[in-house]
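What follows is one chain in structure tokens, specifically the form predicted alone.
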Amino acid sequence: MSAEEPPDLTDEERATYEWQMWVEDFGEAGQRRLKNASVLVSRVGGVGGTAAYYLAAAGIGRLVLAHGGDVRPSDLNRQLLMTHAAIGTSRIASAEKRLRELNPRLDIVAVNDQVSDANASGLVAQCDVVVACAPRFSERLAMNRAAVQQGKPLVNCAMYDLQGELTCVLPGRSACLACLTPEEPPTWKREFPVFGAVAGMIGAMGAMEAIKLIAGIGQPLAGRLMMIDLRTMVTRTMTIARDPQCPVCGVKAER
């Protein structure tokens, strides 16, 4: 987040965000911080699309979105920024259109590509907080490396079947994603069982983590991994520690 004084709110913004500014430790100061902040979300499918949607609804100033490919019928059970009319056209264009309909004040940087080692550093450099929602571990790990190198907080949102996971990386203070999963598992597949409601739930929680980090409220999930099983509605939170030998955030990486 920029160290400069956050911009004032317009009368339209005060009317739009009135109810959330009633949150005691958020208020107008928190709303101004959101307006002044930029968040990278990749990708903007079932999980990331929900995160982006709620960040836009909350009044984030800028979203940097990365997602390649065209809309397919199989996207529509969960990717709420895509539409039936957009089948066969760019996913990122559909997402940008839907978000502007919700919040015409929003500044959007739309990247019609997936995150990779080649572009991760440049994308992360444009934001204050990273929300990682890509289905491939390689994309998440690329964002994690760039976020740690640049000292940017990262919120990791993941789901499979009826299970969801959420954690937060504060570079230099908490475990990073590579501490937990240093390489993409060889058995991992991009396509997996998913209900939109599960993806949407974890995406909304990821958006709230990003809002907390930007506004300086609450306690982020740094050093903790929250896991929820929607079959049983059981939630567990476990403590995770930095790996001193981690190639990204460990002692060797810091030299």
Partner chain sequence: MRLTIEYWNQARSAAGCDGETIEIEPGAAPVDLVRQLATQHGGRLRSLLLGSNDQPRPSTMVSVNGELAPCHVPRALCDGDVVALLLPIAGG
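Model, not experiment: these values are computed from the prediction. Residue numbers count along the first chain shown, from 1.
Note that the form predicted in complex with its partner chain isn't included here; everything after this is about it.
Asks: Since the partner isn't included here, can you check whether its partner chain sits close to all of 160, 185 and 229 in the predicted complex (heavy atom within 4.5 Å for each)?
Replies: The answer is yes: all three residues contact the partner (heavy atom, 4.5 Å cut-off).
Asks: Consider the chain as shown here, without its partner, and state which of 181, 149, 112, 116 has a heavy atom within 4.5 Å of its partner chain in the predicted complex.
Replies: Partner contact (heavy atom, 4.5 Å) among the options: 181.
Asks: At 4.5 Å between heavy atoms, only one of the stretches 58 to 66, 44 to 52, 25 to 33, 210 to 218 reaches its partner chain in the predicted complex; which one is it?
Replies: It is 44 to 52 that comes within 4.5 Å of the partner.
Asks: Would residue 140 count as touching its partner chain in the predicted complex under a 4.5 Å heavy atom rule?
Replies: So residue 140 counts as contacting its partner chain.
Asks: Wondering, does residue 135 line up within 4.5 Å of its partner chain in the predicted complex on heavy atoms?
Replies: Yes, residue 135 sits close enough to its partner chain in the predicted complex that at least one of its heavy atoms falls within 4.5 Å.
Asks: Classify residue 15 as contacting or not contacting its partner chain in the predicted complex by the rule of any non-hydrogen atom within 4.5 angstroms, answering yes or no.
Replies: Heavy-atom contact with its partner chain at 4.5 Å: absent for residue 15.
Asks: Within a 4.5 Å heavy atom cut-off, is residue 20 in contact with its partner chain in the predicted complex?
Replies: Judged by the heavy-atom cut-off of 4.5 Å, residue 20 is well away from its partner chain in the predicted complex.
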